[in-house]
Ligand code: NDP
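First comes one chain, alone, set out as structure tokens in the form predicted on its own.
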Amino acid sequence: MSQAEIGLIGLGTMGAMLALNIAEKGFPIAVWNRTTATTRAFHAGAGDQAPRITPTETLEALVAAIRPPRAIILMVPAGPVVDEEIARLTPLLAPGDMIIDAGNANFHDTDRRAAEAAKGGPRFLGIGVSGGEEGARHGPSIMGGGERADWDRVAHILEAISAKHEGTPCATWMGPGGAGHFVKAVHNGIEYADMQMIAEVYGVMRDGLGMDAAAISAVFERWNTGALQSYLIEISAAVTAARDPIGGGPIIDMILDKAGQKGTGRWTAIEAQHLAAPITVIEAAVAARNVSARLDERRAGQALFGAAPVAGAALGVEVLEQALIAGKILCYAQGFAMIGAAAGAFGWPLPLPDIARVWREGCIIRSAMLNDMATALTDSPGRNLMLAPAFADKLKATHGALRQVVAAAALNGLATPALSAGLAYFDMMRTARGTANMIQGQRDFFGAHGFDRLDGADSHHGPWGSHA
């Protein structure tokens, strides 16, 4: 058998699917997993792709099976495991060989690994891969980070296995070091927010309008034919339509309302603070997941304060649709603004229009809006997406509905943290003179921090005198 063109370590769900995708696209691949039985079972079940897959039982055999200069993808858990695999591989590799971390790494770790690689040893890429199991198998969205020459060396494989939008690969280079994993983190933050807003609208329909799961599913199905067309709306329709194989009722009504998370949304929220980038919708979504985990406290709260009234919100589903459109625009505007802030802070290219294009297919947040977002970010570079003409017009048409939904939810005791955060962001961003002058006065009073004056006069402190 001829040598493989690329290698892969880690045959968990994502790694196995990615390996099959690579083989199916015609690239011979060598694979290795710590558990040899997993490697053997994977190869035995690879079907038509098996002839292009070389299973190996040692790292030495993996390296020997790949044609130099070698490229090896790591699909292992983020954190110390990645460093362990790099340490084990490095002595076996030759100059010019490359390690590609395709897991959900923290971009700071990727920056560190890239800096270490630059001192000698194997080349290193950190790439964000989105799309879940289905995407890995049939075409994910890929966000590349590392030296451009290293990306170009394997781009033909990564573009071939990626999702396609009208024939264009959803894979591109974002910048050096951790740029690809940074963009993936922001992607995941937007994913958190999009999911949370959909959940909030679901809650208004269920608890505020008294709709059952079947009726809610029909609404999501209808929305998926319009401006909200997206993977997340599509699967929300499927989730609310599915039946419980045990009890026979809607499965959604049997799912514990305690959301899990792997930390990438939290990383995004933390990094946004370092960048002074307001991503209030994403932060609200992360906080909502944290609150969801406090199940015992929430039950105690309901016992103490009473549950929200059911079917008391005077809203139509058309208003909910328009509110969700506004919330989605504001969420993406914050995400892209954060990426723009990172480009300036870290000196990364981070091409915003290309990022929007990469997200059009394959990834979890793929949506009909992203094509228009790519156009807006091209036509108005450096401008907040909510101020770009096409999306400003959409917000003018929909922010009233967002206000109605947030107000009705508040009056009826229905929690809408992400939608509320989006509305507050919109109102702050549309207000030329806000209230931070009071904060500046307070800061000067107790700490003599100074302030700027509207009239430009030289006096930068208040007449607090002995009151300070």
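A quick note: this is a predicted structure, and the numbers were derived from the prediction, not measured. Note that residue numbering begins at 1 and tracks the sequence as displayed.
This next part talks about the form predicted together with the named molecule, which is not shown.
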Within 4.5 Å of the named molecule in the predicted complex, counting heavy atoms only, one of 244-252, 342-350, 79-87, 320-328 shows up; tell me which.
79-87
How about M75 - does it come within 4.5 Å of the named molecule in the predicted complex, if we only consider non-hydrogen atoms?
yes
G12 within 4.5 Å of the named molecule in the predicted complex, heavy atoms
yes
Going by a heavy atom distance of 4.5 Å, is V129 a contact of the named molecule in the predicted complex?
yes
So, R40 and the named molecule: in the predicted complex, are they within 4.5 Å at any heavy atom pair?
no
Of the options R430, R67, R443, R34, which one has a non-hydrogen atom that comes within 4.5 Å of the named molecule in the predicted complex?
R34
Which one, S217, T172, N104, N224, lies within 4.5 Å of the named molecule in the predicted complex by heavy atoms?
N104
